[in-house]
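A single chain comes next, written as structure tokens; it is the form predicted on its own.
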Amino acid sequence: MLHISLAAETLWTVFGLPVSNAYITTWVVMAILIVLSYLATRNMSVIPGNAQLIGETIVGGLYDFFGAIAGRHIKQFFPIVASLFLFILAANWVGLLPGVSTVGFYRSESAAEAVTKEPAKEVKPEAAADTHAKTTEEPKAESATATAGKEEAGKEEGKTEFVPLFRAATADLNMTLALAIVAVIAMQYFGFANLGGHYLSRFISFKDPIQFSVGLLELVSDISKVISFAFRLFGNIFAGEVLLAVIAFLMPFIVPLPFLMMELFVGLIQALVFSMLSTAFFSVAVSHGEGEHA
């Protein structure tokens, strides 16, 4: 059966905290990036080897690319925007590897979980008395009802759900929301770091009613950036995951390959869009009232 879940599935809990399959994939992505970084930098030399050359090419290309957006502030922005780009790109592409969202196990739904899904109904004293009277008057009918209830409970306990061991990290809204919050907080940090207390005038200004209204709009705009960042990345990656799952379910051979190539391209574009917008917003934050402040 085709398995599509909007939320990441919980595999187990640690000290009461849920550990989802997207969380596991996130650690896999971080491990891959750490290992590749170590291999590229363990033997640094003036004449680079193959691994160092590839690493320098990637970093240098990203530096020039984001430098065209950030200008003279690129040295300040580059560590975070490059990290965002590489992490999102790796997370998007790892989510397309064979076995992600398809390898897992079937888990039965326990009776305790079924009870927690349906809250217990409050029984009034009058209803309890009527129920007691019915049980004393119609023992056979109650027995039949109890038997049917047990059979129904047995069917419920027999239900199973497929739980994949891995899920694309950026197909989990929690992950994209966390990345968006990091980007917006970094934006405020760069603003205060470069402009000091003057940066507050971007949000609070009593010079005139127009400036005050613009400040409120800027505040709403920064809050909305979190939603925009999170849902744009999540929506595109999750939609691609659903598309591939449906195509592979209907026609599992050859046909999914063009869609897989398309999703590789989409993963690259989404990583670029997220990091480029972050760089642009960082630049806007540090240049607010720059001429007046100078």
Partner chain sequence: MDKLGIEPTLLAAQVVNFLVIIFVLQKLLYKPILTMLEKRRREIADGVELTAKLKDEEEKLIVKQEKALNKAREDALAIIEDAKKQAKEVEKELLAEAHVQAAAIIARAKQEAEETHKSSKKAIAGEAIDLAVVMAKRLLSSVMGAKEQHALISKRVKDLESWAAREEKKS
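None of the values given here were measured: they were computed from a predicted structure. Numbering follows the first chain given and starts at 1.
There is also a form predicted together with the partner chain; it is not shown, and the following applies to it.
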- Checked 83, 108, 221, 188 for heavy atoms within 4.5 Å of the partner chain in the predicted bound form; positive is 83
- Message: Considering non-hydrogen atoms and a 4.5 Å limit, which listed residue (33, 260, 248, 242) is close to the partner chain in the predicted bound form?
- Response: 33
- With the partner left out of view, is residue 196 within 4.5 angstroms of the partner chain in the predicted bound form by any non-hydrogen atom? no
- Task: Give a yes/no on whether residue 236 approaches the partner chain to within 4.5 Å in the predicted bound form, heavy atoms considered.
- Result: no
- Query: Do residue 174 and the partner chain share at least one heavy atom pair within 4.5 Å in the predicted bound form?
  - Reply: yes
- Item | residue 60, heavy atom within 4.5 angstroms of the partner chain in the predicted bound form | yes
- Using a 4.5 Å heavy atom cut-off, which stretch among 196-204, 212-220, 73-81, 99-107 contacts the partner chain in the predicted bound form? 73-81
- Item | in the predicted bound form, residues of 216-249 near the partner chain [heavy atom within 4.5 Å] | 231
